[in-house]
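First structure 1, then structure 2: two forms of the same chain, each alone, as structure tokens.
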Structure 1
Amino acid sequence: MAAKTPIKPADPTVDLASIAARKGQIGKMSIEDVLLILKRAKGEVAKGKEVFTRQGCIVCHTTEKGQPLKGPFMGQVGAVLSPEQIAESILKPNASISQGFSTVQVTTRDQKVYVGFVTAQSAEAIEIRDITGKVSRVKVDNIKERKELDISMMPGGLSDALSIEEFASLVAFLASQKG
């Protein structure tokens, strides 16, 4: 892992303006430092929307009702999570897994493995949706093993290439999504 740049954002002598636009700064800072600096960094909602698309968040998260869901719906995230919790969810996806989105791995008697979210469940079968959005139906009789994985289907490091400005904008955009 790359060494973290020892900057102290809480220290008023640190010139935020001089590093705010530097690409890749987020990946160089500890999560604690990013959370601290976010309090001082100004984000722009419109810019954040661009970052959301450009960084591929849109592949798994929708912000419009009616689009097929792959990860949690983001159109109301600002009403549910604080900006700090949003930032933390992006920086550390495994730290807390959103309800209903824990990753389940099912192995069948005929040696198939499915990894995804359980979207429906009955006495006869379960439905698992993988990260591409594909839904598979697996008969309960055919399940050899079912376990919950402690990992998020959301990869970490997605925001490492961002500048502080871009990350603050991304968080501001999501915080503005109140449904």
Structure 2
Amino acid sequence: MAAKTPIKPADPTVDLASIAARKGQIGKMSIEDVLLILKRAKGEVAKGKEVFTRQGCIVCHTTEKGQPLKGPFMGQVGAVLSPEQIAESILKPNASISQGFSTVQVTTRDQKVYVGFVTAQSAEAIEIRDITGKVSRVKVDNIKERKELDISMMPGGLSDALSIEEFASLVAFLASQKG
């Protein structure tokens, strides 16, 4: 009798472009104004956790140890960054890219292009996770060109649709993640 192989649940897929296209209070303000208001706004951690899921953050970020790493781990971000630094990282994702999560573009010999960050690498193949969370495996001998890009995989504008209260709650949730 064959042992049953556990079925891994599919990673959530989220249309990040449609999220970034919506404009709420945050999207109508300058980054400087958002940061000033954030100093007075009180966010709710529980609501921030909901925003983290709804805004698609879960596609690329994990918050609990033991979860498969998809992008920069947020389970201890509150111990490393201040709330202001967290907010700025969300508002300006290209300003600082976490070590090990630089965006890579791979062009294959059969003219396919993959953009994402490398999640696994061996002498035979690399795995690249794209912005939707999809992982592609590319054989090393099929790689024509591999280059690091100066941009973050995290698109700007993902918080633009949020109200000040929602953004403050998202920052409060992340600031509470201290590992």
Ligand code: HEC
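Residue numbering: structure 1 sequence, from 1. Rigid core: the largest C-alpha set superposing within 1.5 Å between the two forms. Since we're looking at a predicted model, the values are computed, not measured.
Taken from the form predicted on its own, structure 2 is distinct in origin from structure 1. Comparing forms between the two structures, one finds the smaller rigid domain rotated against the larger by 19 degrees. In this core superposition, residue 105 moves its Cα by 2.5 Å between the two structures.
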